[in-house]
Ligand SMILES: Cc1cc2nc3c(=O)[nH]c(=O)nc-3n(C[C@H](O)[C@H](O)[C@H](O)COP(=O)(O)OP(=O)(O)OC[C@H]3O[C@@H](n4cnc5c(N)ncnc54)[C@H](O)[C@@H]3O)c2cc1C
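A lone chain, given as structure tokens: the form predicted alone.
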């Protein structure tokens, strides 16, 4: 029967919703003790560093116990176990996570061992028709959906959740995770004007925080936006125009404009698709009705509950990897594609450097979750100046995560708190232990401050100590922590993390896509591989779609065109 059509809407994101303080309930089994090694798809941090910034009142910052920073599992046969990454270089046997020998099956190579690539391998192996090899540059799998162990905590790369309105995706994940999911009733809030506002918003609370004059101004600006929509108008040409038309300038300037500046940059030059993807509400009318409790928020715009892997979010990609190994697939870590070997318009094999050795992997199909610029370099080399220039015009924002270790058992009542105001460096604050209290010691906690930056801007140019100092100062100002309770900080930076849809991105993506479609057996997947602003459930859906269409005999160019159309309907649901 094939896959069900998508409804318009979708799921979570690198920090969408918060959940309750309650430990939640496990789906469907009772809790089991957490693994002390947190062997759950641990991802090695980029630019990881212990900071000793000058915090308010010059509070001394201690260091974690020696050797406490560990970087998750190497993949060694079908027995996955955690080693400390610094102990010794990985051997050939240690870089290959493999199952039984596969014969007479169609060889497929997947570049990238994050959720996007692993989901493709997971669904392909379920068909029983393919020999799957996943090639991952890092020493561990999972990408930014992985987890890592540091100073007694199992930590994620920013807040994550499992939720989806794509038919069947949530069922697939629940089945895969086999009783290791905690169900949470979502709770998150927004920090405005020195106060926390719960979500869904309540009219009375909003009026008290803003004051009667400001609150009345919001209503007036909304009324003006309604009147303007009655007049002839063209389609919105920017994020700013899109939001102002739907919510009024007052709401735009209060929340959406400062948050856009902090996350993506100047909203006046952002494409309206940026707003369509991140703001799935039907408009200000629905927002006002929700504020007045005259209309219930739907599952397409508000995730009332969500799931979280009890061993850390990295247990999701790790479980995919386990499945791939058990079904005869191979996962090569410490491995990187260095050449694609072609015959006419098809790729016949992939040459990789694996733990220092050169080897060639035959392939009938190639699926990539790599950045399009890197993939294009492998396909065409650096000689195609037009392609290099076009793919280089696709913009990204870098991700910064500052983990603040605190001598308190717990801080927040919500898993996510959004900070749209520009006086705070961070855009959101989350607390790992609220996802599962077993992921850290009982007497201490960690707050994660996440935000974005661009190459060369003021934020990205700050030192790690300066970033830590700014974050701690903001947390103190908001009343979340006392400087004397701060132990130390950990800073992680990840380049090119978020696609940024500027006004020219559609034209650039069309040119890049048409060029890559010329390779007859090539497909792309994932957030970076598709240059699509999406979440982990979307990556699962892409993997399922690719496997389903390949198994039915569709050609990669046809699948790619269909997939591009499918991902354009994805929406982020908070």
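Since we're looking at a predicted model, the values are computed, not measured. Positions refer to the first chain, counted from 1.
Beyond what is shown, the protein has a form predicted in complex with this ligand; the following relates to that form.
This chain is displayed without this ligand, yet in the predicted bound form the stretch 136-144 from 136-144, 406-414, 235-243, 357-365 comes within 4.5 Å of it by heavy atoms. Three-residue candidate spot 169, 329 and 541; no residue lies within 4.5 angstroms of this ligand in the predicted bound form by any non-hydrogen atom. Checking 402, 429, 124, 115 for any heavy atom within 4.5 Å of this ligand in the predicted bound form turns up a single hit: 115. Think of it this way: in the predicted bound form, this ligand has a heavy atom of just one of 370, 447, 391, 486 within 4.5 Å, and the residue is 370. When contacts are judged by a 4.5 Å heavy atom cut-off, residue 176 does not count as touching this ligand in the predicted bound form.
This ligand in the predicted bound form is approached by residue 335, whose closest heavy atom lies within 4.5 angstroms of it. Heavy atoms of residue 536 reach within 4.5 Å of this ligand in the predicted bound form, making it an interface residue.
Looking at residue 161, you'd find a heavy atom of it within 4.5 angstroms of this ligand in the predicted bound form.
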